[in-house]
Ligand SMILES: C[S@@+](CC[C@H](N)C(=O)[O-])C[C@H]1O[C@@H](n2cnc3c(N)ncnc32)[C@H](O)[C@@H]1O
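Take a look at this single chain, the form predicted on its own, given in structure tokens.
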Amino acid sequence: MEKLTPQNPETQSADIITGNIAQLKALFPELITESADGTTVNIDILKQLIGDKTVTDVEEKYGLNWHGKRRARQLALTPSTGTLRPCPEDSVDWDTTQNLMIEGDNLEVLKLLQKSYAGKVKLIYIDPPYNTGKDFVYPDNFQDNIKNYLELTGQIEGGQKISSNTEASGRFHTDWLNMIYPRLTLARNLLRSDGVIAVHIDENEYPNLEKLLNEILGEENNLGTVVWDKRNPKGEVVGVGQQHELISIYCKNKDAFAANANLSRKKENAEAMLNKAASLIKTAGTVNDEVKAFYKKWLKERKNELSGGELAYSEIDENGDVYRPVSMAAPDKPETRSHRPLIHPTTGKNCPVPAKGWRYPDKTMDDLLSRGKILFGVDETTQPTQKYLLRENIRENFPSLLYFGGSGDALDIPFENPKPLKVGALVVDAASSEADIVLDFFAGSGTTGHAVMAQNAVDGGKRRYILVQLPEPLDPENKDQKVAADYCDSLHKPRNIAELTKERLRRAAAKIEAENSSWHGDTGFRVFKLDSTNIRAWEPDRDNLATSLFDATEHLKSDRTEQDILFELLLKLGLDLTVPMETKVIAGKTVYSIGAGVLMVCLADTIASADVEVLSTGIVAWHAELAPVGDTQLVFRDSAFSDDAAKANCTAILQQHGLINVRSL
């Protein structure tokens, strides 16, 4: 039975450096050499392989550089020694929900999520600090960021303080870049190949953000920038009054994105247009000229409310479908386009062919004809057009201009400048669907979680959200934080921003359920809190080695629960934090089955020699009943076994029945 220690890869977050080296070695084995100092990459060979004729790598290069970039990159690559501790008491629908709300430093949380969620997130939607001079900054500790986090949030004694990043610091942009760079680097790993990241920003850091995203995700994966007109210019500025913010949108791989998805939004008034046409037809009992005229009049009366694209859907056909005619003329003249004339169905004569041919090849033209999707004029002199049905084209490309000046709709939660729900819902709808995972690691007031639930209620989706928010302390003595601190007091909750996030989610869930009584989707969330690992490290007291050695016989911290340990195992073994979990008592010991038997765990404090056979055979029988797909991992508490013979006997029985992967903590 192999013992899991803090040094084992299984007890740490994903080792990104090792992964990068493995990928390089797989692609170019000749690049990698081993020495006494560790792994070395031969840059000269790499240059030859990619056809780079430069002699050295010290020449100036195009890109964004700043003091601390190398260290920030290294920070992203350093594995976390932390864990996420479950908090069912703060959660909503703990047993059934698929949503996560995580309190902690998002840098460490992103590291911890790597094994379980790498390549699984469809949309990352964040609203990071804009670096206006009032945003908090705090030092990422290269040696022990978990301790740093616990000090900053007042969970252990420490001297570091959260402070504002003012322009007087002399490192105004550098501080922000060192904060965001490792977080975006880690975030990229979590995206699916067709995944999208959307980042809110203003003019202070937009130029730097674009360069960072170009470096991390590739300039070719830039899907565009949305200019959000907030309808309210900032006051008291020298120069142009900025009334807009920006949303930079990138994908992970443009080819995969184009093959599986697109950024689109529902035409805002499409449902109302379809409903109006249906109502007129129902009243008249048929589709006649009067119905068509009334419908066109209704559109004309709303020309200031409808977009040009919506107004174009001004016709109703004999089936009651709202449609618009669209030209089929080709914009160019490749050989694949059709150039044959269409025959008018009444006159039997050839209709005019566009100068560059039709937009589609012959096969597509035949298909359109067979489905009645080509509109002919009264005779052959009119060039035919294509019939676009509104119900089939209810979505349109996401626009580069977004006009919205409304409130944040934070449900009376005292939070400064929350993202508006309407904007959040538009992005969530445009870039995700069905059971996609949506991640926001600057959760703030919780708008992204609210938007995910609201959009699921609209379209019946089963999207899941993962929110991460630093429990930044709120000081009642600070006039800017007093209202929020007092609000936490009224809830009898700790004074920190993460409590505001959770309360917003609870209120949003209640509101959505009240407004959508026929919808029964997921409005719960599991709460986890960042903390140091549950596995005790070897930290000897030099003045009392005997006590240190005795304490070291127990490898798990005494103040941690079985749930704490179970969820650290899920993280470190790469399982979803909402994976189904069952329990069964075998030989008087609680045994957990996680993921229908993919992982089986017994954390009993004591396992006597007399219990081993009954416990082991019971586990074997339950495993056979569960019949999991693939190999099963089994984990026991190492100190529970009465002696080495009991441990060896347990391992032997399990392995005799095919359960080979047996570990201890």
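If you're wondering where the values come from, they're calculated on a predicted model, not measured in any experiment. The numbering used is simple: start at 1 and walk along the sequence shown.
Missing here is the form predicted in complex with this ligand; even so, the following discussion is about that form.
Taking 415, 360, 228, 567 one by one, only a single residue has any non-hydrogen atom within 4.5 Å of this ligand in the predicted bound form, and it is 415. Checking 250, 441, 181, 528 against this ligand in the predicted bound form, a heavy atom within 4.5 Å turns up for just one residue: 441. Residue contact check for residue 419: one or more of its heavy atoms lie within 4.5 Å of this ligand in the predicted bound form. Proximity of residue 129 to this ligand in the predicted bound form falls within the 4.5 Å heavy atom cutoff.
Using a 4.5 angstroms threshold between heavy atoms, residue 470 counts as touching this ligand in the predicted bound form. Contact between residue 497 and this ligand in the predicted bound form is found at the 4.5 Å heavy atom cutoff.
With this ligand omitted here, the record of contacts in the predicted bound form names 441-449 of 441-449, 513-521, 368-376, 87-95, defined by a heavy atom within 4.5 Å. Residues of 508-523 are not found to place any heavy atom within 4.5 Å of this ligand in the predicted bound form.
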